[in-house]
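Okay, here we've got a single chain as C-alpha cells, the form predicted alone, with questions on binding and movement later.
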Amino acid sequence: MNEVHQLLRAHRSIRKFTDETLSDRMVSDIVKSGLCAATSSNLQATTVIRVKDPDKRVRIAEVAGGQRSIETAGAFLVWCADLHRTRRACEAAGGTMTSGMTEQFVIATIDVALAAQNAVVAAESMGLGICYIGAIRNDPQTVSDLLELPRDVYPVFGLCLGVPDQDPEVKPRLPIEVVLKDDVYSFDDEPQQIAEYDETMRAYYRSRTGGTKASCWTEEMAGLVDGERRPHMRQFLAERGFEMR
C-alpha cells in the first residue's frame, strides 16, 4: 500500500485544534489543490469563502449547534455551489442561462464536493486535521446573509482546518464486500456482513468514549432517516434559484 492509500485510510474528523492560525499562503495552496479536482464540463461551480471575522464564526457556530471547532480552527471555510458566476459568463457571451434545472444543481453540488475532498487530502498531507460541517444547513439563510451570497449560490458545507490537538481512532467503514458489487446490485449477504459491522462499530464507540456510548451503524441510520431532516432546504434552494425542474 503506497503513501497516498495510507493517508486516505488514516482520515479522522478532528474537532479540537491548537491555537495556531493557518497562513493565507497555506490556505490558498490547499484550496488551489482542491480546485484541481474533476469538474463537470469545466463548469468550475465552486466558490470558497474563508471566514476570518470572529463574530461571524461565532454566529455560524451557533447555527451549527454550538460546534466550537468553527471558532477555534486555524481556518474555517464555507464551500458554496456557485451558478451566479456561470450566469454572468453566459451573459457575457451573449446567452441567457436557463435557471432552475435539477441537473444544474446536481453538477454544481458534485463539483463542490469533489473540490473540497481534494482540498482535504491536500491539508491532511501537510499534517493538518479537518472536519466537515454540514450543520451550517441548519439555517442556510443566516449563513448566506452573513456571507452576502448572491442568488444562484448556496452554502453546501463548512470545513474546519487546523493543527490537531487530539488523536482519535480511525472510524471503521462498511466492509468493502457491502459496497463494491459486480455487475448487479446484489445484497443477499449484506445482513450478516452489516451485523458484523455493527459489532465493530459498538466496539469502536466503547473504546472511543470509555464505555459511555455503544451504538451501531444501523441504529445511527434509523436516527438519521426515520423522519424529516432539514425540510426547509427545498424552499431555501428554490428561493436561491435552484428550483429543481
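As the structure is a prediction and not an experimental result, all values here were calculated from the model. A residue's number is simply how far along the shown sequence it sits, counting from 1.
Heads up, the form predicted together with a further copy of the same chain isn't pictured, but that's what we're talking about next.
In the predicted bound form, at least one heavy atom of Leu180 sits within 4.5 Å of a heavy atom of a further copy of the same chain. a further copy of the same chain is not drawn, but in the predicted bound form it has a heavy atom within 4.5 Å of Leu146. Put simply, Ile70 is far from a further copy of the same chain in the predicted bound form: not one heavy atom of it is within 4.5 Å. Contact annotation for Arg50: at least one heavy atom lies within 4.5 Å of a further copy of the same chain in the predicted bound form. Residues of 103-117 placing a heavy atom within 4.5 Å of a further copy of the same chain in the predicted bound form, in sequence order: Glu103, Gln104, Phe105, Val106, Ile107, Thr109, Ile110, Ala113, Leu114, Gln117.
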